[in-house]
Every structure is written in structure tokens, then in C-alpha cells.
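Shown below, as C-alpha cells, is a lone chain in the form predicted on its own; questions about how it binds or moves come after it.
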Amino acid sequence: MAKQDQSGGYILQFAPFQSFVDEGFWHRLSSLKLNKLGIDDSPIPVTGFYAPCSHSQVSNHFTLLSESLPSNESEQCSVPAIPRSNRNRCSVPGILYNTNTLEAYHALDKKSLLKEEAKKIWEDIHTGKAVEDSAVLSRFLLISFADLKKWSFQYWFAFPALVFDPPATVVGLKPASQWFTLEEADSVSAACNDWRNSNLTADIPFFLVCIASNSHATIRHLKDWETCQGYGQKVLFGFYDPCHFPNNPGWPLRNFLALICSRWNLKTVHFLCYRENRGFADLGLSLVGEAVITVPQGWRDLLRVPNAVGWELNKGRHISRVINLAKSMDPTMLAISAADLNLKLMRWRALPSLKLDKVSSTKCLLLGAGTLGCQVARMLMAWGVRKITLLDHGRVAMSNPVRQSLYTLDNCLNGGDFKAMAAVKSLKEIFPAMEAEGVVMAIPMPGHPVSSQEEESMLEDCRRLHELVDSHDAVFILTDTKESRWLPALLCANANKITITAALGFDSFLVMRHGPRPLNSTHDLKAEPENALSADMDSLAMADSGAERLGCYFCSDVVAPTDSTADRTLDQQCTVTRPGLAPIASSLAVELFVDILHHPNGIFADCEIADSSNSGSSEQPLGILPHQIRGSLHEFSQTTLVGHASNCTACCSTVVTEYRKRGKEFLLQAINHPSYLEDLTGLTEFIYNETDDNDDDDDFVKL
């Protein structure tokens, strides 16, 4: 207790609020900052909570929870929707200033911010709002800086309190059980319990305690002050006191006295510091005292705002607090947050229209887990794709780890791990939230005939690949040989999937997107896609403008794919390329895929070429959407090209329709007899006619 003054009282000293911020608050603030606010540092309305002290040795904290902030879906300026009538959560309005930089945080004018909030309290007192909604007397201020890279948060609370000059004094502060008679104490306890148990009043922190001459007590709202006068009633001004100290009332009393002094011009005030034990009124812990107030000059003037104090001390010093959540967070959740950080920051300034949810929910099938497959998987992971299936039948060889980024020496030992399974394990080690799956399977290929004993196994592989293509939204064809790309190209055309092919030469590469399914192929209800993204693709087909369809990887060929590995030397059998080629082609393949997802027409989008008059680069957030990208490291050049669909052996309506009609028989014939595809599509006749024309031309060679 402070030094006694001349009147026999002591200067009234108040126990400050003790703040506590739940981790959920910081998680919600981080989400709000990344997903909605961006660089907007406008003030944010927040809601704090406190309750009466419920333990003789521990004060209740002033708490912020995740629901203290607006949700991501709500408007930034809206007050958080907090359900009322919770006896353990008296809601208090506040304001949050969250800065974009640490420098801006330190540069905040704390004196002005505190004065501005004190002015709001002063206005609420003079307008009567504080009588109708007494929670505004405890309004608060929070400043913060969130370092979302390190998950570190600096913050500082202020609980503005209007300053009496001269200060108020207190006379006879004692436990309430000693101030009331036994009859009064019993009645006051019962009335307080009823007030606290009512859904209408449980979280109203300021009230009147009226005790009649017959010792009967009632709890009334502040607005009933005039009604309580007369009839010999004793009136105490009660408030929920979060403090447990036996000689000091809690912080909420400061502005409560300012309201009483200004509103009703009282110079002596009996107050009740209401405290509880196990949810019931505890008059032994609660305090009653008489405050003596000298009304400061000018307190009747709304325009003369008193001085204010209220910045919370940190271990007795005027410094902010720091909390680091990185160590307490689940490593997987921390990895997810860190991985998504760069992508979400893109939406702040560079790319507000970035559709991260659409990217992350897209299921990608990677055919081939070699040099291209490893790089594409990592690029997809960097873009936020979380569902990847890798298909490959090979094992990790000693020569692989230096070029294929998902493998290490351990994967090469004991005959080598299957690439598909080793790649999945590596992806999950890099990012535990990946939903990756490996499939060990060879892709049936034209020109690689199978015996009658192997037919069932081969057809089972075809069926399995068909199901994989159908169950994914996008397919990356990343295999080593041309013939291994034929069946995937056909199945993707049949299912109308986003399809990206990447192919490497020694110092050149091709990256291309396949055109959509031919519109006049036989309709088969069984082949309809079940996932939402593919359904969107099909709905676009109905609105197709009729522009010339873009081709697939095989549309420029005039022969069917055949065995390209027979009678080849070692350097011809292996994918011998310049080491820098695969990362370049893989990155372009993934960027092309993301561009397709963001284009309003998806796979039905026309080809856009750089510098062309209809490039559309000014309209699409990610720029142009080309059909083919061909590059050369020899010349350090890159060109965008377009190739339209032809009567090719993989994607034309004739082949797709034949596959749908004949199924297994068609596949057996195509794989065992590649010339069948040439006959089916008319390429045989075309080649014959071309040869015949050339023979005719020879008759007219000038000597």
C-alpha cells in the first residue's frame, strides 16, 4: 500500500492486467497476413478476454485467442464474431497494429497510439456508451511485428487508463466478508452467483450492488443508477476483478472510477472487487473499499482528454515481448508453412490472382522417374502441388544420383532400389506433407511385341495405366524413348487430361502441351472423368470455339513409333545430354502446367507466341501460353512454336475411337504390329503417294 495521505486514506494503486497470448492467435494472425492482408497494415479490430480472479494465489490473465481475430473470410474491418454469455470470457474490444517491418514496429508513436485509445474511452464515458456497454472501459491496444520466416513475433500491450490528478485515495480496503453483515454477505453472494449464471449477464463486467434496509441484495445494470437511489439502499459499484492481491484492486477499476466521477459527479465511491473460488462468489477473496476522488479540473469537458498510462511492463521494464513458435511447432506443420510462404508472398504484390488452392489440389502423374522425373517432381513441389504419383520400372544405378536429384548412393546399393519407390521416399523426406505414391510398372510400347504368354500381363499394365491417367488431373510424359510416350499420349487424349511432354536431345530439348481430345471421337460415358478439374475441362470442350486443335507429341510424325533401342551402342541407349538441359526443360514443363491451370480456357486455350499480335500476355497473369518450347544450349536459344493436330497415331479421332471400340484387341495389334497404326490412320497411303510422286518427278530431271 502507498503512503498514507492527510485524510487518513492511502493513494489508490491498481494491479495491472497480465497479458497472455495463445499460440492460436499467432497462427491465425499469420494466416490472415499471408492470405488476406498482404502488405496492408491498417488497424485490425480484435477482442480480448478476461474473467474474475478464481484463485487466492493467481491472477487471471487478459487473454487473446485465435477467435480474437477476424476470420480469413470476413472483412478486415469487421469486429470478430464472439458468442456472448460465456462466464469465463468477458469480451473486451481492442485494436491491433501489425507492421510490415521490424523498423516500422520500433518507429510506431506509442504515446500517440495510447492517447488515441484513451480518447475513445473518454468519448464513450461522455456519450453514455460506457454505461450501455461497460466492456469499452477496458479497451486495449496491441502492436506487433510478425516475422513469418522465423515464426517470431514481437508485441506490446497497452491498457489505457485515464489519470486522476490528484490521484484517488482509498479508505478501509478490506475483504468483503468483513465489510458486509452476515445477512448481507449471504444475500450478496447469492445475487452475484445468479448474475454470473445468467446467460444475459454472465459476461457483463461492471454492475451495481444494491442492498436494501432488510439486507436483501440485488445486482443491477449501470444504467439503473438513478433507480437505485433512495429508500435507504446501500449501493456499491462492482466489477470483475482479475487480480488476486489482498491490498490492491485490479486495473479495470481505474476507468470505472473515471466513469463514476464524470457521469454521476460522485466524490466518494464504495466499490466491490468481485472475485471467485471454483466458480462461486468468494467474499473472503473479494475486496470492498471506499475511494475518495478529487474531481480534476476540466473533467466535464469532452474535448479535454485526460492523460493516460497503460503500456504493459515486461519484467519491470518498458520493453516489448518476443515469442518464437518455431521450436514448439510440429515439424511437419512448420515445413508446410515455410514451403507455402514464398507462394503466398507472390499474392501480396506480384501475382494477386494466383490460384494456390487450385495448384495444390491438382493430382499429377509423372511417367518416368529419371532425370526429368526427379526435376519435375521437385518443381511441382515448389509450386505447392501436394499429390504426385511417379511411375517407373527401373532401378537406381550408380550413375544416377549425380544427375537425378531424388537419389543418393544408398539407393544404388544391393542391386538398386526401384526408382519410383526411392523417389517417393525422398519427396517425403524433403517435405513430409507430400502425398506421393510410387508405381513400379513398365509402359507397353509399339514395336516391342509380346508373346502370347505375356499378353495378359501386358494388357493388365495397359489397364492399370488407363486407371492411373483417369484418376489424375495432369500427366507429365517424361520417359526416355519415343515409343514409350505413345500409350500415355493416347490415354490422355482419350481422357482429355492436361498433358505435358518433355524430351531431351544432347544439347536440345522440347517441352510441349498436348491439345485437347478430338471433339468428334465416339462418346463413351464410362470414360467420363470423375474428378472436378477434368469435369471442368470437358465442360470447356462443349464451348470450344472451333479453332484448329493443337497437336500432341506424335502429330508431326509420318510413321508409327517403333523400337528405338534395338541395335544401338551404349551412348545411344543411354540418355546422353548436357547436365544443365534437364533442369531447364523440367522447369519449363512445370511452368507451362501452372500456366494452363490459370488460363480461363485450360487445355482448350489457343497457342500464344511471344511478340505475336494476339499473344494475350497483357490479359493472363502468368503471361503467354505457348504450345511448344524448343531450346538449344548449343546456341543458347529458345523458341515458341505451334503444331496443329493431324491424323496422327496417338491422338486423332480415328485412333481414339478405335481404342474405345476395340480396347484390348486394338492395343495388342498396335503394340505387336506398329504398321497397323500407319494403316489405320492413312499414313501408309500417304507415304506411298509421296514416294510415287517422287518417282514421277524423277522422270523430269533436267540433265
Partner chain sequence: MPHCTNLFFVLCCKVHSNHHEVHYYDFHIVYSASYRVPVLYFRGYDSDGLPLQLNEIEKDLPACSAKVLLESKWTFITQEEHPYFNRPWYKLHPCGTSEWMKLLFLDEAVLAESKVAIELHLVSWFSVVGQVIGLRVPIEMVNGRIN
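Please read these numbers as outputs of a predicted model, since none were measured by experiment. Positions refer to the first chain, counted from 1.
As for the form predicted together with its partner chain, it is not shown, yet the points below apply to it.
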Looking at heavy atoms inside 4.5 Å, which stretch does its partner chain contact in the predicted complex, given the options 38 to 46, 649 to 657, 635 to 643, 22 to 30?
22 to 30
Given that the partner is absent here, does R321 sit within 4.5 Å of its partner chain in the predicted complex, heavy atoms only?
yes
May I ask you to check whether H61 falls inside a 4.5 Å heavy atom distance of its partner chain in the predicted complex?
yes
Verify the contact flag for V402: yes if a non-hydrogen atom of it lies within 4.5 Å of a non-hydrogen atom of its partner chain in the predicted complex, no if not.
no
How about W122 - does it come within 4.5 Å of its partner chain in the predicted complex, if we only consider non-hydrogen atoms?
no
Suppose contact means a heavy atom within 4.5 Å; in the predicted complex, does that hold for all of Y155, K315 and S328 with its partner chain?
yes
By the heavy atom within 4.5 Å rule, which residue out of V131, L334, L114, M381 makes contact with its partner chain in the predicted complex?
L334
Contacting member of L341, A433, L413, L200, with respect to its partner chain in the predicted complex [4.5 Å, heavy atom]:
L341
At a change of 3 Å or more, would you call the C-alpha separation of S144 and A335 in the predicted complex closer or farther than in the form supplied?
farther
Closer or farther: the C-alpha atoms of F153 and A338 in the predicted complex, versus the form shown, with a change of 3 angstroms or more?
farther
